[in-house]
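Just one chain is shown here, as structure tokens, and it is the form predicted on its own.
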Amino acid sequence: MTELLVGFSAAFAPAVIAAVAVGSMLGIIVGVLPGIGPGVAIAVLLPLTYGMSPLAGISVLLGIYCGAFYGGAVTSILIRTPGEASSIMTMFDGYPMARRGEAERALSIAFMSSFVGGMFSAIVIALAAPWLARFTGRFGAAEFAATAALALLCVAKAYKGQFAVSMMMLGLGLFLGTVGIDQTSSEHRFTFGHTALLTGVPLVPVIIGLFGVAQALVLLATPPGRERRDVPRAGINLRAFAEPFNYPSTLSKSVLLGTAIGILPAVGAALSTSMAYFEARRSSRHPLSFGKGNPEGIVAAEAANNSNSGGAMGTVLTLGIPGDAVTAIIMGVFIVHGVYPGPQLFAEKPELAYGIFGALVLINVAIMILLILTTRHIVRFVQVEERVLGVIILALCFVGAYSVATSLYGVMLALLFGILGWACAWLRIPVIPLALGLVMGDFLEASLRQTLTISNGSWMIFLERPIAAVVVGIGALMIVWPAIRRFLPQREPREAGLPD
């Protein structure tokens, strides 16, 4: 508890509070702008965090991450256009309520449900983190290598129907991570005589290109003159803030689901919101009202949506393994500052580890205050022209890529990977596995090399160590499970009953 209090007090430093306020406001705006997403904003602003302290820099990015979840509900409810994939379930009941003239009520229910989910996950993970860190502290090189490999496999498996393509992109990311001077043998690997590649492929320009430049190119390719829908007037209804507590069972189940699923690598908020929504519908006394403006549907979706953030950060801090693109970028901030997430972080820098959980609590409070004050005004961002956004994002991406090393090399690299990301978006090829492969490549290679050095080159060490063997077994089961399912008796398919 002493370390927890030290960490939370570090979160109340003036620089961190300012970072929380700025990041939260930017996150809300990003969530309201359809098609942008927190990954794009974080990629663009990543270079600006290098001059900050680690906690302040991470707080800015976490503010964008969490604020986008709140902001995504605005467009889902008002214009039936989810700002985030995880906000789709909110749309089913939020939009019918808005059409009935209850937009303020729907928004208030969504915001309070998100607030409960975010606060719950931050506090629960903060309390559970020491035990998780103690457990992962028993990991050796074999366990870390197996866990990293399992996390990357989960990323590839998350894209159903695209496993082979995801593995290809994952392999490309791991390959890019090997470029440069080998730290063990000092050999030049895949540099092709270019001195710029001796230090490897820099993470920041790649991230800016894959997410920022690529999205800017997508927006710039939007046909001009698209019809704009009218946005209903909306604000906050303070009386409706209490409505989520009228559904205690749905609220509690949703935050538990969101937190638990957030801990799992590569699963993401979209799955937790879907599971929470359909569980609420299944257990409701009025299931047929879902999809027609039932507030309980908004409560389930939004509570599960925002409770992912705490669980995802818990995985990064205790295992050093990012679960999605956003947490991978945030992990990049750690690495740039010479801080490596994992169980040792709680022993070496408890003020930073627990300060992040304290920042998450502050972020949720700051977002609620900002929403109460600014909701009537931020809805106007829905009307911003996509091509104007594309120009702004492209300019910010190039400025950020140049500022990393004050060189056009970063700009050219960002443009190259931006074109790659744009082509992947057109071909519907996921780029998140590439980014995670690049982030995790060094960690996986170092752990694997250390493991094989200990075992004199024997791969049996992964089966001789109990924890590593369990992790390997889970990975093997994930690979062969589709083949096993073919031999299992199939149940009759039931209608999912998705609302229109």
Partner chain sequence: MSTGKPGAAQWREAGFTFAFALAGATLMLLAPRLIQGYNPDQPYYARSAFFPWLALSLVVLFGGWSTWQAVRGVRRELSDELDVAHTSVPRALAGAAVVGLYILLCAAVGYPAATCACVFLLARQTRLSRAASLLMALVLTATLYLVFVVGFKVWFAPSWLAGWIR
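The structure presented is a predicted model; accordingly, all values stated were derived computationally and were not measured. Numbering follows the first chain given and starts at 1.
In what follows, reference is made to the form predicted in complex with its partner chain, a form of this protein that is not presented.
Though the partner is left out of this view, L438 does not reach within 4.5 Å of its partner chain in the predicted bound form, counting heavy atoms only. When its partner chain is considered in the predicted bound form, Q215 lines it closely, a heavy atom lying within 4.5 Å. At a distance threshold of 4.5 angstroms between non-hydrogen atoms, W131 is out of contact with its partner chain in the predicted bound form. Looking at D182, you'd find a heavy atom of it within 4.5 angstroms of its partner chain in the predicted bound form. Only one listed stretch (248-256, 187-195, 106-114, 299-307) carries heavy atoms within 4.5 Å of its partner chain in the predicted bound form, and that stretch is 187-195. In the predicted bound form, every residue of the candidate spot (A164, L172 and L408) has a heavy atom lying within 4.5 Å of its partner chain. Comment: its partner chain is not present in this chain, but in the predicted bound form one of H286, R138, K160, H377 has a heavy atom within 4.5 Å of it, namely K160.
Note on the partner interface in the predicted bound form: the residue among A468, L26, L444, A56 having a heavy atom within 4.5 angstroms of its partner chain is L444. Contacts between stretch 443-479 and its partner chain, counted in the predicted bound form as any heavy atom lying within 4.5 Å, involve L444, E445, L448, R449, L452, T453, N456, G457, W459, listed in sequence order.
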